[in-house]
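The chain below stands alone, shown as structure tokens; this is the form predicted on its own.
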């Protein structure tokens, strides 16, 4: 059988391999999922939830190994890899309960009609997940689909097959056969899954791939949930706490080597506080330590592969050629590493201010008024996350004018428990989490009868 070899991007050494699927195999996998799905759905919401939650202890026992594999396969610092896997195990039961609550039958009644709103499974869900959060993203795509009563075929990224496969096998051991299956391969396998006899496609990745999935899904009117790219802005107002704003800017620009959908990729700072803000950013950037994620104290790992590194370096080089100034980093580094880089002297005619970078680059521009800041921040086809730092009432006014799905005020864009993870414009079609997000994994079915009169 063909195999898919996973390579450590920090060292170039093989990590391990998994059995790879070929596009002709996918129809058989989906057929098994479809055969298994009716019995899974018939168990009911409570029993399905109980069986999934029964996997929590085994996932916790395997979490450190799953997290270590995440670090080996995509390069994030080991505390982050283990933290991701342990968080997923620790939160599984609570997440399942939240999903089950969202999918419970609702009752509506007026003087004439009694209606039950059921949330029934679609059938078979294809979940195609990325490499940057190789445990969290499969969990967020798979759990609501399973709780809703769907069978799931998971195609994790070919960059991180080992950690995703171990996670999926650990969960699947508590489920009926073929209710959760993982298949491995590159883009041709993912496209075969989209074209197969599936009812729902859940994808997290690039806008370009999302567009192709929508096109392929259209002929069958398949449901799609797409979390796509971002070009998130940070607006620093003149009344901002500059230390807090700079700390956030550096953390959110360089976390996971900038390979995060809600990384801060554009920073707009009021010209009255531009220099002191830049000084604070540079001080914090120069204190970062880059290297193999297994080494103690490393903050920034490598790009996931040479292609991603080249894309980032090309954007930086084009910006420099167009007049951008390099304030930190900017040079080549051995292997798949890109130095944490801070750029200034930018404008919106440069690709690096318009196209997703997905690398450790912080781009800083100045503005003179709130209106200008809003115009610049909204001058993008994307609209995933955003952040505004400033005096609270002032920041709230600016935040409400931004065209993004999630906006943080003096913090990142993540919300309180139960908040959906939602993008606007080209950053998403459908969304995850929260009651509204969980319900997108189910077919709403209204059953009505005459109300009982007193």
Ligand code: ADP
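Numbering follows the first chain given and starts at 1. A quick note: this is a predicted structure, and the numbers were derived from the prediction, not measured.
Absent from the display: the form predicted in complex with the named molecule. The rest refers to it.
Here the chain stands alone, but in the model of the complex its contact with the named molecule, taken as any heavy atom within 4.5 Å, falls in 201-209 among 271-279, 377-385, 201-209, 364-372.
Taking non-hydrogen atoms only, residue 190 approaches the named molecule to within 4.5 angstroms in the model of the complex. Using a 4.5 angstroms limit between non-hydrogen atoms, residue 157 touches the named molecule in the model of the complex.
By the criterion of a heavy atom within 4.5 Å, residue 254 is excluded from the residues contacting the named molecule in the model of the complex. A residue is said to contact a partner when one of its heavy atoms sits within 4.5 Å of a partner heavy atom; residue 315 fails this definition for the named molecule in the model of the complex, lying far away. Proximity to the named molecule in the model of the complex, defined as a heavy atom within 4.5 Å, holds among 247, 322, 186, 173 only for 186. Contact with the named molecule in the model of the complex, defined as a heavy atom within 4.5 Å, holds for exactly one of 88, 128, 143, 342, namely 128. No residue of the trio 65, 147 and 163 has any heavy atom within 4.5 Å of the named molecule in the model of the complex.
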